[in-house]
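First come two forms of one protein chain, each written alone as structure tokens, so that there is a structure 1 and a structure 2.
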Structure 1
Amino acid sequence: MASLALRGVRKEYGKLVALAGLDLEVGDGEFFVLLGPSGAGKTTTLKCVAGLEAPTRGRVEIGGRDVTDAEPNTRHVAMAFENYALYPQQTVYDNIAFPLRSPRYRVAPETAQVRIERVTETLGIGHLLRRMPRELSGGQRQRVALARVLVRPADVLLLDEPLSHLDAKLRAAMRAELKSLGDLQSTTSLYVTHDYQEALALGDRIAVLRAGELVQVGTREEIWHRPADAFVARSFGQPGINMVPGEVVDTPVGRGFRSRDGAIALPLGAVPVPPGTAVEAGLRPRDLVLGERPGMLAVTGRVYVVEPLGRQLEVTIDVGAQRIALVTPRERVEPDSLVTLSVPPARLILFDGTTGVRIPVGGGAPEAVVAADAVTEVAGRV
């Protein structure tokens, strides 16, 4: 086990910049998730750590040792590939035993067998050892690939979208298993995914990547409640966060937010930007409530679409020119009816309208709630 650090790692493929100088530190034993859309540079990062790609610039350090120029087989790194990369001509057993027969990690066949049995037992694939990879289902292959990674000693585990080829339900089940897998949770791991739920469920810390650049690194709470910018906010949540364009306005009780068409007005408290600044207000669908609630700000809108979602409903409401989605317990909501929805002002996340960077909204949430009605009135007059 060891810590892992990337220092200014840049990777270019010809003119294409895959990674634009990445600085990242993963602590000893930390489970670190890299999240981003395809093409963000997640897999390139993993391959630079593994030594399968040489960085154009920058350094990779494992346990404080500079391994930038080291051969992959000397880095003490294990990797699970997105496509599993099982050897098709070998049995499951031989696949898992493969690292234990290598010059570097060779152990006595008996020792290997004990270890393989332990790992496959944990992963529930003990009965598949004599099969060939082509005879396995997707979920089983995924487990075999994982077993091959866990069976050998490694300082750092690299996991490249290990669940992406599984169907939604199997993915959820495997996620819980990964979460409780002791070996995985105690070893320094770098986990790549484009699925925000995987990131939230598994990561001790999460790094959000966009176009080869690090947008934010933080715990799941930081990322969720204080996203660095609108891109990070949009990357998390289903249905996605509502973004309301508008501007900062002055009110008798402090600064406020007013949507472009004036239909939505919210108190902000102290904000470090002058009135008139173009901003976007982010409201998560599960923070909004249908009907009036004390201490929240009520706005009226017309129901656009109602979608049953099992126990809940997803309701999309036109508030002025803005289409707002919210999730609510199942009840009777008619399309085209006029409804009231309540916004908890403290849950509002404010972003700069041009750069998308988050603007911290001044503390005092309770006062903001009290001030809510005043703002509405003011906004109405503006």
Structure 2
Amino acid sequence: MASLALRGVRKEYGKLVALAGLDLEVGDGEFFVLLGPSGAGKTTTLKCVAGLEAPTRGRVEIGGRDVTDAEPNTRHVAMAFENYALYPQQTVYDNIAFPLRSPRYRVAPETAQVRIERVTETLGIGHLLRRMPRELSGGQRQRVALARVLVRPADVLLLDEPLSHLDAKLRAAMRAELKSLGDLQSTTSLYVTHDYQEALALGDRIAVLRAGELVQVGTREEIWHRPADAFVARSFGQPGINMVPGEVVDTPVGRGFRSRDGAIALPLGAVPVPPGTAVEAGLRPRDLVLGERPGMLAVTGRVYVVEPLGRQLEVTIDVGAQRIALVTPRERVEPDSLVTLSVPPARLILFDGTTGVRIPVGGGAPEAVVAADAVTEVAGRV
């Protein structure tokens, strides 16, 4: 095992800046996730670590050793690409065994067989070892490519969206299998994804990238409850966080939030901005409740649409000029009906209306609890 560090890594392709001075530290044995949309610089980061791309500036360190100019085969990293990259003329077994037979590793055949059987059984492809890649489905090929990476000895594992070609059911199962693999529990891993559920389920820590820049690094709890800005807040949750534009106002009991049309007003407690500051209030759909609840602020709205989600409903409600989404257990809710919506003030996340940066609010949500929207359904079963 070894730690991994990127020190001011910048990567330019002509006038395009793919990475703008990236600073990251991944601990020894840590499972670290890079999250961001397409074009954020996630895969470029992996390639710079693997030695497939040379940084324009900055350096890469593995185990405290500067490997910026080192050849890829001397870095002791293993990388799984988003595409399968299987050898079509070799069986599944030979594809997986290929790195173990290289002069660099020279793993004994008996040891190689044990490693291959353990990993392929975990990935559910033990019965496919004698097949050719052309005889496999896309999901099976993806798991073969992943197995080929996991069997080889490495200080750092680089995983570039290895579950992206799997269907939803198989992806959920594979998240659990990845988490349980001994290799990933003990080897420093850098995992790239655009799926917030994968990030929350798998990451010891998560880094959010945007346009080649690092926006925030933190645990799932930190990023969920204390997003650095509105971009990070919008990156997590389905349905997405409700963002209500408004301003900070003075109230008889202290500072408060008021939406632009005055339909939503919430107490804020202590905030480091003056009255009149333009802000956005972030409210996560699973924090909101239909009906009146003690300790919550009740507002009235009209149901716009109701979408069944198994045992739950996604309900969209028009409150004044705002359209608010919430998730609730199944109950009788009709479109166009008037309903009461309860908002917990302690769960409000406040953002500057101009910069999008989060503004600390007194009496915020508990730091050690991740909302059900994020983890109970995903990471809880991992």
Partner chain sequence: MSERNGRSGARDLALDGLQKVFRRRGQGEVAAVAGIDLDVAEGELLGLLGPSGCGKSTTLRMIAGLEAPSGGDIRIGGASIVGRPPHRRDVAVAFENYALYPPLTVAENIAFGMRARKEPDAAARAREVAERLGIVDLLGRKPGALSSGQKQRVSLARAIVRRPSVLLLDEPLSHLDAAERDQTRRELKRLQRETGYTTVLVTHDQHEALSLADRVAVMDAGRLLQVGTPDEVYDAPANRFVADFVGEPRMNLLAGRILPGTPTGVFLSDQVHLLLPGLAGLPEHGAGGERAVIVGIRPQDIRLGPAADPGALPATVFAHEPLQEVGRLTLTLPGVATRIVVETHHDLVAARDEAVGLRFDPARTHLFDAETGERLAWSPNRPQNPSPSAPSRPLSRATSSS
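Superpose the two forms; the largest set of C-alphas matching within 1.5 Å is the rigid core. Keep in mind the model is a prediction, meaning the values are calculated, not measured. Start at 1 and count along the sequence of structure 1; that gives the residue numbers used here.
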Form predicted on its own, is that 1 or 2? 2
Can a Cα shift of no less than 2 Å be assigned to A278 between structures 1 and 2, given superposition on the rigid core? no
Core superposed first: is there a CA shift of 2 Å or greater at Q312 between structures 1 and 2? no
Spell out whether the Cα of P109 moves at least 2 Å between structures 1 and 2 when the two forms are superposed on their rigid core. yes
